[in-house]
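As structure tokens, the next two blocks hold two forms of the same chain, structure 1 and structure 2.
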Structure 1
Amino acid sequence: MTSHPAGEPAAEPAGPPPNPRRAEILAAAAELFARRGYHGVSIGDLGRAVGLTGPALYRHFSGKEAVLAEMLLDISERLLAEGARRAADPDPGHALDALLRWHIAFALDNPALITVHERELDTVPAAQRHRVRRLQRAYVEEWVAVLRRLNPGLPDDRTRAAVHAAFGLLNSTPRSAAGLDRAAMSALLHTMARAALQSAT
């Protein structure tokens, strides 16, 4: 209750004032990219989704690839920053539960972002693709480090594979959208992911 996953950033110490149009475009683009894929969405579609014509988009982004790049960088940074905070809990069991709670809440709140994040990495321009990959790897390593504390002596590559598999489980919900309500789905995912990870160690 002291913090919640999708909270408002309130104000960053440095950086330009957050342009609401940019955020609006990014949100609409996430939805469209998730549904039809990056190449299945045109600049015209993107503009229309926020009530503008296509070329208006160039007032806010340098191009279509820049929209995707900023989107993926933002997601990766948020996952890593919040993940690192949760993983810092001195009790590795609590850290793992906190990681699970955070990741599940993020996935349930932002299904489109999760989908694009794991599908369109190769589409992003090389320059920023490396940064995104580095952030993704670092996020995985937060999980691996917690699991290593829970069970030292396990080979790291096996632990890494288990973490990737757990992410697959957690990130699949955007596309299933079963008849369960949010609380039930959250609890189910938590239970299943924890059981899967424990069985692998």
Structure 2
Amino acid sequence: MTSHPAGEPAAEPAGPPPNPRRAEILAAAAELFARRGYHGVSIGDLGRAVGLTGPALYRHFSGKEAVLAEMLLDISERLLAEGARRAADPDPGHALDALLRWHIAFALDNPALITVHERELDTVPAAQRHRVRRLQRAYVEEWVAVLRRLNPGLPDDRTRAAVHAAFGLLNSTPRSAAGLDRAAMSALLHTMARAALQSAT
């Protein structure tokens, strides 16, 4: 039996972080877009949030669409890279717990990114939007493969539906995480999501 940890360290990027100034802009944009909506934020607003004029921000991004697209591509790439690494554990029970700890840490540390993704993905230009969705599908398949190793007889469509349902729970943090401290919320999400996924197998 795998124990359920009381908490998880803050999520770390799977690869090298972006340019520090670009990363600062992306972080500020996530908070602004989550709070006011993409269309309620101007380039000038983004610049002021990081101490730049609007024109100076264009040295880092070609425009507001480019900021949003890079933001959502970055989180999709990070989730997939780290998810694939954790799913490779030869013990599928350990792999599932590792995936849960990674996704829960990410969800607790990045509620603004989750909110922006839920609301604004359709605003991303088509080419980048399709890439984000391909990355997300690949991330789902890492989870599906782990669950199939736990129960080889489980149909793919049922397994995939269970993963998406679990993501709905894990990605509820912008709304569900206010009443508990981080460690308690992490443990609760882990227990609930693992139980839900196990019931599907």
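Whichever C-alpha set is largest while still superposing within 1.5 Å between the two forms counts as the rigid core. By convention here, residues take numbers in order along the sequence of structure 1, the first being 1. For clarity, every value in this text was computed on a predicted model and none was experimentally measured.
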Of structures 1 and 2, the one that is the form predicted in complex with the DNA | 1
Comparing between structures 1 and 2 on the rigid core, is the C-alpha shift at residue 138 2 Å or larger?
-> no
Against the rigid core, is the Cα displacement of residue 57 between structures 1 and 2 at least 2 Å?
-> yes
Displaced residue check between structures 1 and 2: residue 86, CA, 2 Å or over, core reference = no
What is the C-alpha shift for residue 117 between structures 1 and 2, rigid core superposed, to one decimal in Å?
-> 2.4
